[in-house]
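Each of two forms of one protein chain follows alone as structure tokens, named structure 1 and structure 2.
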Structure 1
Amino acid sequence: MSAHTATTNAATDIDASHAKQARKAFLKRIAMTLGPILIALVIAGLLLLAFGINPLTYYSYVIDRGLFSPSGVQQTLTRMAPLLFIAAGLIVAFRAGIWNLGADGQFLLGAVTAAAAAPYLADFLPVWLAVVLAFLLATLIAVAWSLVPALLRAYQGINEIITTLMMTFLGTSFANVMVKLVFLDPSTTVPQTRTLPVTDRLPRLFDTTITSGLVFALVAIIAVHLMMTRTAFGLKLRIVGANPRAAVHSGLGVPLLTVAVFAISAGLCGMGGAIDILGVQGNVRANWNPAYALMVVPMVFLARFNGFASIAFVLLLSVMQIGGESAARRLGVPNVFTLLLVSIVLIVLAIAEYIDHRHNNSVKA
């Protein structure tokens, strides 16, 4: 009897200490993320002061618009949808050791395809079907676009950093050509594709302006996270990424897996483009290139390729973009200040991550 209670006591003790530890770890994570952001804000604040602007006002505007005002946070969440798809695509590639720096090109081609296909298909198909087909088509085209670097890498061993960078230059140029020469909306003088009417776009969530694309994006990135960490297929990709020779030795078909990685990664980036068009933009204009990936790449690294952490970092990026633009306007700072803010936050977060990593290593000793 007493022995029994003793063990249960011990068990609850262990449970309690476990929970305590988990909570501690969680709090530490939060501190390790918020702390650096605070430091970054102080640094950026000094810059603002140098330009004669009260940093506190600036930040209160950023937070207010980006996070706390009801309509502001809806914008933030809406902006996250394409970013999350790109993040998901990058996670697959980076975890498999493929440095896909061509996400912007893949995103744009997906966007152009969706923008061209949806209104066209809607002419003779039910709208929902047209949208779904446009989404799939966009994914397909983005996948096809990645085939060049994929095959070059898989069968010729040509480094994908160069090819994907180059394919981005080419892709933006090509998307532009497609908009101007092929998918031009004849009813307007502005070079852009036909516009999908607001009512035909993806539904918004409840009574808000948040696009339902956000839900798809969250599903995509969580699915990718689970795929990479929990499934055999994800493990295979990670083996290829961590040690390609071990992959050969273990009997994995490395070239085929490489092509698969490119396809999934580019497909997700293309979906990001499609979701942005079908959910928010409605059309693509010539020379439109939001270059989201340039900012998402570092976020994914900071998240250590973890899907959930990526969601948090993408949220942060989105808040900075939406809130920063608002604050800049209200205070008369040029909008480019947002770039500087993002850059400082990025670098300080990277430093914090490094210090954390060091610390962890020495503590375990």
Structure 2
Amino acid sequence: MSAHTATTNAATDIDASHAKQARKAFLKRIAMTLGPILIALVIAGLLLLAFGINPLTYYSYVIDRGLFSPSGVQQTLTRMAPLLFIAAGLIVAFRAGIWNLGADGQFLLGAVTAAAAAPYLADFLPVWLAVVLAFLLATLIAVAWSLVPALLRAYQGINEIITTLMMTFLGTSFANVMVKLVFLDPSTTVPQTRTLPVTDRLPRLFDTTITSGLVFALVAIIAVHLMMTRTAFGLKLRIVGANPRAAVHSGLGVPLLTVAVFAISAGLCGMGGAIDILGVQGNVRANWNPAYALMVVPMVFLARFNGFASIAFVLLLSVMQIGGESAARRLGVPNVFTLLLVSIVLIVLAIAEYIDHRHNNSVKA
């Protein structure tokens, strides 16, 4: 056998080995993604059985209403808009190694700001301009709310998990106070902000009830994915997240990048609150807090911080929410069961990641 033939065969063997490893890694990612969902569905099904409810009946209601009913599909796609903005914000933070757990507070403050500003601005400005300005104001307020944990993390090294959680509690309480005391609509007996008329809200898509906010949300999460994977700025953020010490030694301005991550992440979450109000709700009632971020976090982890995969998992979450609301009415299951199901997914995912980490360490040893 000639040297050329031997070299060719060796190269072919190497390519085959790389292809085999790539397939193995792909199948592992699929198992680590779909496995927790299936296990969570089984566990939740056992809980339903314990309460005397057929899990197959419950899941069939969820899928039928959230995915196959014409009105349900429109509600599902509309619900995706704020969830995608939150997912985009969390992707930026998590890929940069920052745990922004204050997304719900940022979302709610953005929603209250948009709800208060849009009707007021529409009194003396063109509606489209009022909506745009309300959207920008909501974004700025959410960014401003993130500055305290951002500065504490960037310049004092204080753990952002604690500070962002504290800011969430403060943010939700502050938003309710503002609704009841500052932005209260005097024309109603219900404590809420002024209502933006339906005709002044974001336009619908193709003569449906789907808000055009869905388009903006898709653009936002795709832009975030491309920024984090295809730009020098995204590379810097990933380096900071992977190894902060190496980032410092390489000359990156870690404190400023940290503040920038908080600002981008919080701004996107605030946009989610604004898009929900300007496109769907029209106002904010006192004590309203959908806690979307708590449910989006597991979806982002299941997607491995990938923007395109996050779209699919947010769709799954929207189906569970819209379908779960229908199933709750028909079968008497509490509305919070969807949150319980998402929590089980998160717990199972954490256990799977721990087992995988231990296995990888044992193999290396």
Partner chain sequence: AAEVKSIAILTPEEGTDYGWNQQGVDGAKAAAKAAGIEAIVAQGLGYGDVRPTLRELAEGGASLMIAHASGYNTAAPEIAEETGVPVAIVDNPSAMKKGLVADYTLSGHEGAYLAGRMAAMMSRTKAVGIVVSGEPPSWNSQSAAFAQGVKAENPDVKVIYAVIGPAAYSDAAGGKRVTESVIAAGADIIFGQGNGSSFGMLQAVETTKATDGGKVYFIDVIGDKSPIDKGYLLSSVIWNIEPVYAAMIEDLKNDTFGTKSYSIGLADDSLKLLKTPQIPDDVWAKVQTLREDVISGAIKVEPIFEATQVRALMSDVKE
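What we label the rigid core is the largest C-alpha set whose atoms superpose within 1.5 Å from one form to the other. Every residue number counts along structure 1's sequence, beginning with 1. Keep in mind the model is a prediction, meaning the values are calculated, not measured.
Only structure 2 matches the form predicted alone. After superposition on the rigid core, displacement of the C-alpha of Leu339 between structures 1 and 2 amounts to 2 Å or more.
Relative to the superposed rigid core, Leu67 undergoes a CA displacement smaller than 2 Å between structures 1 and 2. Core fit done between structures 1 and 2; CA of Phe51 shifted by 3.9 Å. Note on Ala31: its Cα is shifted 8.4 Å between structures 1 and 2, core used for superposition.
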